[in-house]
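Quick heads-up: it's one chain on its own, the form predicted alone, in structure tokens.
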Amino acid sequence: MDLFGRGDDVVRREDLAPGAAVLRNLVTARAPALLAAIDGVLQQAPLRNMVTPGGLTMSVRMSNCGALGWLSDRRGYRYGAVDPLSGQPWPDMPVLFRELAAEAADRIGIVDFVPDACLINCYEPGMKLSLHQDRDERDFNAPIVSVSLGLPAVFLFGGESRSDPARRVPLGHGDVVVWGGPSRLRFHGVLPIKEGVHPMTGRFRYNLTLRKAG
């Protein structure tokens, strides 16, 4: 692998736990189209720093597309159909996003996954995501599909308790992580992003997290 985690572009599956796996290089070839689609979404719903229920400003900038978008403010964590910045519905989810999510889930044996929410995260060097569970969705039967683009990251994949040991999983540009079934509520996070410049994204890492929220 080179500095940015690109190998030979052959898709490789690495199992993390029952119902969870990394799909190396799954979207490497589709990265230019994905980044163009992200740009289109962000023109309608710009990235912003959300606020936690405790009043802290999140360092990672975020936006959404799809029927529902993930929100955080002093009222709590939740999904909503309207972008609070514009008062308009979130941008439609690009077909490419839905297709890759269904393909990724199918590759680990989860069929007919149709996401209705895509959270777009933008990381800069030094930013991280603390261990947490995705519990704001109505149905935990659907998996989470997480797409990495740009700067590399180290994904933390823990257990069902925050205190459980967390596995460190290096992720490169084009890698996709899927977790569902018995692993759906595992704690996960991202270690601080290391300094670097990616040829497609510059000093940024984009992460698409696709979910069935409603």
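Bear in mind the structure is a predicted one, so any value in this text is a computation, not a measurement. Each residue number is its position in the shown sequence, starting from 1.
The form predicted together with a small molecule is left out here; the points below concern that form.
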item: Heavy atom within 4.5 Å of the small molecule in the model of the complex - the one residue of 79, 123, 90, 113 that qualifies; value: 123
item: Contacting member of 129, 142, 100, 117, with respect to the small molecule in the model of the complex [4.5 Å, heavy atom]; value: 129
item: Contact of residue 190 with the small molecule in the model of the complex (heavy atom, 4.5 Å); value: yes
item: Residue contact check: residue 63 to the small molecule in the model of the complex, 4.5 Å heavy atom; value: no
item: The small molecule contact at residue 155 in the model of the complex, heavy atom, 4.5 Å; value: yes
item: Partner contact for residue 28 in the model of the complex: the small molecule, 4.5 angstroms, heavy atom; value: no
item: The small molecule in the model of the complex: contacting segment from 160 to 168, 36 to 44, 182 to 190, 49 to 57, heavy atom within 4.5 Å; value: 182 to 190
